[in-house]
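First, one chain by itself: the form predicted alone, in structure tokens.
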């Protein structure tokens, strides 16, 4: 039986062009390599799973490649690239500062820095989660970071830039990584699904991308989990079941009932949602998001802010056409108040049900206010 490799490792970006959602940073680094204007210390900042360590590895591999392509990418064939790919390169060192955060760890690294690389032009030091270094370790690192040997390049990565001391920040070229957009993640997952021979519905992939909250690595972990559950056919329904996410359809139906002033059916739908084990607070947050999406759909200029599958986007546009912006704003006010009061409420179910009754009364309320 062949050994299973998780998608986050199997499809880890190997070139600047395969980075997802970080095209500006990739272009800047490629230009720096091409023009021979490399800084000696970089700081990559951003939330988890956005490609900081992957970019650091790609940069380390590319600058030591002896036969770079015209597009400023590593060739993957020269001695340096082969050694890097096999994990045998003596010119690239990775240090996890979360578990090696003492002053002795940094002193050992500094001792190595003085030695010239035996292969390639540079020795690259990638320090992950650099904010975890102790104050003494930071201080020991300062002088080397300010005046490193010409062959040394430091790439520091962190999820918490605010914890890095100013004296370190001033010595680095800083790159802030974007949270990856839902559409970019969904497109990337679709490519992987094709390579793996998986028939995946776009609505399901968009739901995975939304659940990942801007982290590509998280989306790949979720993708693997759902493939294990659903096999070679990944449907919207299988994603809903596996992630325990509420179906969009509930929200569309609730808004329709609110417009029809149908309190009874609104309460019955909420009862069904609670019976399926969903949390009332998360339901209120989800319904607020739904009304927010309807408001976005009222103006064609803001349609691009809606990060859902095309089929769902069309349903939003259709429902938005049937509801006034004033009605949506009043609904958002009701839901915002419910969200704020939820944790302190003694009877949380009644609080949500009252909110649904208020939503069903908005139409009547606005009509009374008309002159």
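What you see is a predicted model, and the numbers here were worked out from it, not measured in a lab. Numbering follows the first chain given and starts at 1.
From this point on, the text means the form predicted in complex with a small molecule, which you will not see here.
Residues with any non-hydrogen atom within 4.5 angstroms of the small molecule in the predicted complex fall in just one of 48 to 56, 31 to 39, 324 to 332, 303 to 311: 48 to 56. A heavy atom within 4.5 Å of the small molecule in the predicted complex is found for exactly one of 273, 220, 106, 97: 220. Only one of 133, 216, 92, 287 comes within 4.5 Å of the small molecule in the predicted complex through a heavy atom, and that residue is 216.
For the three marked residues, 8, 20 and 188, a heavy atom of each sits within 4.5 Å of the small molecule in the predicted complex. Although the partner is absent here, residue 73 lies well away from the small molecule in the predicted complex, with no heavy atom inside 4.5 Å.
Contact check for residue 207: every heavy atom lies farther than 4.5 Å from the small molecule in the predicted complex.
Although the partner is absent here, residue 129 is a contact residue: one of its heavy atoms lies within 4.5 angstroms of the small molecule in the predicted complex. For residue 265, no non-hydrogen atom is located within 4.5 Å of the small molecule in the predicted complex, even though that partner is not displayed.
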